[in-house]
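Just one chain follows, in the form predicted alone, and it is written as structure tokens.
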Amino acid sequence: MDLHPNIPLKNFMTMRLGGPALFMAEAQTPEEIAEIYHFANSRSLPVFVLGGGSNVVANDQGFAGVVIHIRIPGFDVIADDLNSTTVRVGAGEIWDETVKRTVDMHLSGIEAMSAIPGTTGAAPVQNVGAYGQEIADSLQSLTAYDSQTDTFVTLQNADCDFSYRDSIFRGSEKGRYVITSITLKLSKSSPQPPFYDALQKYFDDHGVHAFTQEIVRNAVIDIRTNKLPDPKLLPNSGSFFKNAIIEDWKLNELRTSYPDMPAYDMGDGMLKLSTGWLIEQAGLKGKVIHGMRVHDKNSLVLINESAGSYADLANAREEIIGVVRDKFGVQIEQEPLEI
């Protein structure tokens, strides 16, 4: 266990904001996670688990505890039959590299989640998803360190209580588990239409009528490249706001004034709105608010153009939330976690 004091968190966040961590330590093995927790507990210090820093923002005060930077490697086939292949992947593996490996193996299930930044172990935390797929569809189980019992446990898919961009790791058991590996069961069948609307439109526009995992992956990468800024060049956390979930009566009310408002049926009388559409219709697309620019190609994304502090980001967030609430009566929420 190698502890480093007073490490600036902004150097590990794709938004490039945040004060120092009291301590930071890399974990290359599950056992190192337990060691770091033992150290933190002996000094009554809080712990925060960090992957790629692409879906988390840090405040100006930093973190008065220990940040564990997850670097656990591994990619192994653990089961194989005529219809599927099951792989176990270390939590520190880069997510997009995991997707590429499965696509190269001609496996379906996560190819539409290509080019999402971050680590593999972070994917279940917010039930990562894109273009009609989400990690809950393929995740069979995961292994984790349970900080309450100081043991390593296996959680099945149902134990994670997945929902739209949510799980026990963000909700009821936030801070309890540190994911060390995930197990995915992937199909050997080729992807089949109908695809998610934006992806289907891409195929229609490009005259694509035959589909493989690689074709879907390349299409998603092309779409994302054109609508999402590279955090290495323009500091951002990807989609900063979740798509809003509303009841069907609210959509009927809204469509009396906005008949073209896009919505996606989620069942049980609930619908998902395009928060990017709401922000754009509220006149905020391309605007710079407290140093944060609402991306002109995807209004869900906030780019740190000149913000010097987390306070600037927080002020921009609250202003955007307020404008959307005042115009539509819809409450939108931040997607990235906070440290």
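Keep in mind that what you see is a predicted model, and the values were worked out from it rather than measured. The first residue of the sequence shown is number 1, and the count goes up from there.
Absent from the display: the form predicted in complex with a small molecule. The rest refers to it.
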In the predicted complex, does each residue in the set Arg165, Phe241 and Trp277 place a non-hydrogen atom within 4.5 angstroms of the small molecule?
-> yes
Tell me the stretch among 295 to 303, 29 to 37, 45 to 53, 58 to 66 that has any heavy atom within 4.5 angstroms of the small molecule in the predicted complex.
-> 295 to 303
Tyr131, heavy atom within 4.5 angstroms of the small molecule in the predicted complex = yes
Would Leu228 sit within 4.5 Å of the small molecule in the predicted complex, counting heavy atoms only?
-> yes
4.5 Å heavy atom contact, His290 and the small molecule in the predicted complex | no
Indicate whether the small molecule has at least one heavy atom within 4.5 Å of a heavy atom of Tyr258 in the predicted complex.
-> no
The single option of Arg176, Lys188, Lys201, Arg224 touching the small molecule in the predicted complex, heavy atom within 4.5 Å | Arg224
